[in-house]
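Here we start with a single chain on its own, the form predicted alone, put down as structure tokens.
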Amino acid sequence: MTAATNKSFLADLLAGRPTADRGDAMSRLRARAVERVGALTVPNTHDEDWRFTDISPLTRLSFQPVRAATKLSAADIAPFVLAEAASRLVFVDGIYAPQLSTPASGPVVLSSLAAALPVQAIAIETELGRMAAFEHNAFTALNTAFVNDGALLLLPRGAVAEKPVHLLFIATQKEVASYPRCLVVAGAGSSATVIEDYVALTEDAYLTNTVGEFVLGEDARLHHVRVQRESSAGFHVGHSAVSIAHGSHYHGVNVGFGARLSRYNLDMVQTAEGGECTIGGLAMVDDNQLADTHTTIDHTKPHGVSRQQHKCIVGGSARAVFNGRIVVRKGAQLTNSTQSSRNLLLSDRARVDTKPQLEIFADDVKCTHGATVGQLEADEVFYLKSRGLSDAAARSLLTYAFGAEILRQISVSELRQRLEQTVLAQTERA
């Protein structure tokens, strides 16, 4: 990709962005992001963080900003609605759909960013754009250049969201680019389960470019389930940034099935002593799909704990990438960190590139990591066949069990069961 093509692609994506400058913090944030987009380039395989992921199929296409939201009915979104969720925000091609949403009010604030801004300006302006740095990330900068609305969850000190919160993002239009945004601020001692869900009602090509910021106060608890099950012709680029305070616990589960090409960056920072995170990840791709997951866990203070388990199931001519980086800063003594990357190949043409990284600058820590890539064990297949299963059924069951280990970390039973059915259906096709 030439430099001229690179700049043209970014310039085309910027067309149609919000240009009104109201002199407020959000307008200033957009302006800074636009400036950075002008200085940045689209990543390519010469960049270390993208060397396994060629996004030229994306840059060869043309995407327009969403001009108007598709009108959807309750029946249209029924397959994605979760009865267990007490409240829900729905965005169609990145545009808030109030008629399909059930926002919350009172101690727990669940609202669109735009609707909440007049009342929650201080909280929004303080946190929006703070964690998700866009100085060196063209896609995050693009998302921020378009930020005008999004999903907002504010949990005041001690607040408990008894039932899950569902943030549903639906792609419906071809050849458009949408920029979903999430901001979750969990006050001290608060707790919630948040489902960030990306789905599609079209089989055409489009671009979903997402950014989520999750700020945990002291002793806060957040269970964050992120599901990407978009069109097999779509493109998905996502970035989540998480801040963990003293005694807080972030439990994240990221599941990716869809998109022709998907890239997900998860950046976590432990900002005070005793912060803890548990991360589970599952990417399941087939045919010619590509799924790339990059995570960074940055321990900056003592007594931090992180546990990470990521799995890839890859069939056909698909490719999966996992890069897990753990940083232990000088002074972050008594850090305890474990990371596991396990990958299953279902065909001779499938490929996985896995790169666990440990960067340790403290001397009193306990850090381990490991990675495996392989096919189903012949003796396990033989054992199940000896119990009466066919070869296909034995392989399907073992593949399902491999992925189900991650899905069991999802506390929302209705969503977990749906995803288990998706895994089972894909294993039967493999």
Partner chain sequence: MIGKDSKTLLDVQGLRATVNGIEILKGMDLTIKSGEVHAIMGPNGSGKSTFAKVLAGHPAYVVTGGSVQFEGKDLFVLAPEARARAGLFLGFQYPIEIPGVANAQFLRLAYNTVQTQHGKDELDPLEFDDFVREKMKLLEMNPDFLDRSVNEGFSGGEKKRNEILQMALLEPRVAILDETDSGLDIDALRIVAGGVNQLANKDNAVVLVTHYQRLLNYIEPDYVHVMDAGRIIKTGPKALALELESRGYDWVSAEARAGAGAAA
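As the structure is a computational prediction, the values presented were derived from the model and not from experiment. Positions refer to the first chain, counted from 1.
Keep in mind that the form predicted together with its partner chain is missing from the display, and what follows is about it.
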Item checked: Region of this chain that lies against its partner chain in the model of the complex, out of 393-401, 368-376, 47-55, 25-33 [heavy atom, 4.5 Å] -> 393-401
Note to self: If we define contact as a non-hydrogen atom of the residue within 4.5 angstroms of the partner, is residue 383 a contact of its partner chain in the model of the complex?
What the structure shows: yes
Margin query: Is residue 387 part of the interface with its partner chain in the model of the complex - any heavy atom within 4.5 Å?
Written below: yes
